[in-house]
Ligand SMILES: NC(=O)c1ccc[n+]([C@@H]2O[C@H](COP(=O)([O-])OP(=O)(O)OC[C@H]3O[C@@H](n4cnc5c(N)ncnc54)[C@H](O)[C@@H]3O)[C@@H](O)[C@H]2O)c1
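Take a look at this single chain, the form predicted on its own, given in structure tokens.
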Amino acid sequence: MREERDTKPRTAALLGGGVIGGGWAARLLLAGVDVRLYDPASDAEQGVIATLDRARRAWRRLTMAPLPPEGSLTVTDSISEAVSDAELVQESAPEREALKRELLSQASHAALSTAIIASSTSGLLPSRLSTDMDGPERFLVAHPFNPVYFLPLVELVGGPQTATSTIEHAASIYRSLGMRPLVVRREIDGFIADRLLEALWREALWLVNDDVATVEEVDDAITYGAGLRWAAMGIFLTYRLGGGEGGMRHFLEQFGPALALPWTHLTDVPTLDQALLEKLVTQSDAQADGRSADELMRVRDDCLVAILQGLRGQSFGAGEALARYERALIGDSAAHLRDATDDAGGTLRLHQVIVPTDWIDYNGHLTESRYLDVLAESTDAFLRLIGIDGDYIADGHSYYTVETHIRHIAEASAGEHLYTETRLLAHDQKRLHLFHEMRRQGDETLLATGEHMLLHVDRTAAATAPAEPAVLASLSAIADTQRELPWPEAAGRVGRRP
């Protein structure tokens, strides 16, 4: 089933570059969107760059789908300069209504009449935020979750004057960034997610206040229990399963009476006096165990990678949103590669990478498995070039690698720029024979070669099948352009009989 393409903006303006604004910047830049940032804080740009570095690391671990060329980051001196030609304006200032209203008012007078203007507020009502705006029909709340560059949920909340088309257009934009828009049916303080989190937060504070549990024990109760279920299923589907075959009806009959028991403090809030504040801070410091915020954010991101990859394999929950975004990235990359290689003259330089520090082994060089990663991504880039995009795969066809031979020739170090050049050695209706050379940019040293045999398969029938005519035509065109290139000296180790 082919999916409709969502609308990705070329340029976005960010008003505020703190934790949330920096997260928006990273998500947008990694999606290939140019970002104009306005933030009067002197260290705003530095904070955004640090967030972008973490986001790059996390996305590199999350997926092998090719991200587009990064957008550019421009820091501006005024709101009008930031929003002048932006298709999306995202305000992420501190949660002070007067401040947000002033920023949004200024932005609305300087922005394009067609621009979507959104606030990242976690609970302020759009009807109040838009009071001083020009064109409030194009305004809505788009409330993300931290880290914005990784968590897909964004709550969309319109006010009384927000046009239905604004909600629809905004949903299309955020989906194009790999997010999962949740349209809130009507404006309400705290929206949906934060109202749920607030209830849990209140009870957690009481448990610590009353010395029933420490902050670490409260967190353990979530991370080792319900939190694992919530990553895949929300509270209602989880409780439905608690009713067994009787479903929600049986669950409510069995456990519903417990709702009348005084287990929770409901809307009561413990007084956040100095004693409770010190208790929370002391216990939280002990829980962190000397780890910096940056260390803990990397741990958080790595754990989210593992969870999202698991959910993607099941195509469930946030994993479905990731899989959908990957399919879009593959399709976009295919078009970009075709444009970039039209005048390549036979040489296919399809993949480049800067060696990250976590690819380095105990000898200080590129670890053995990463050679295969680079070569495999080069094969994937070639497949996208010939038309194996998200739609092609969704229709039930692809190429599978059946044999690989790698030569490790020279070492690579962290920070070096590597690239590959690809040869199509042979092909027929079902087979594809590729050869890659991996080189270091600058001195062009040959670091490795990879020779690969692939078979075209019908994934539904789980059997080999001829490739589609358009794919075969692309292969023939590449073979023609490479016909005069010399045969690689190291080729011939794949596909031979023993």
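Numbering starts at 1 and follows the sequence shown. A quick note: this is a predicted structure, and the numbers were derived from the prediction, not measured.
Just so you know, the form predicted together with this ligand exists too; it's not on screen, but the next bit is about it.
Taking a 4.5 Å heavy atom cutoff to this ligand in the predicted bound form, the contact residue among 257, 94, 364, 290 is 94.
Of the residues given (205, 353, 103, 151), 103 alone sits with a heavy atom within 4.5 Å of this ligand in the predicted bound form. A residue is said to contact a partner when one of its heavy atoms sits within 4.5 Å of a partner heavy atom; residue 39 meets this definition for this ligand in the predicted bound form. Although the partner is absent here, residue 282 lies well away from this ligand in the predicted bound form, with no heavy atom inside 4.5 Å. Proximity of residue 488 to this ligand in the predicted bound form: non-hydrogen atoms within 4.5 Å are absent; the residue sits far from the partner. Contact check for residue 146: a heavy atom falls within 4.5 Å of this ligand in the predicted bound form. Heavy atoms within 4.5 Å of this ligand in the predicted bound form are found in exactly one of 114-122, 237-245, 412-420, 70-78, that being 114-122. In sequence order, 17, 18, 19, 20, 21 are the residues of 17-31 having a heavy atom within 4.5 Å of this ligand in the predicted bound form; the partner itself is omitted from this view.
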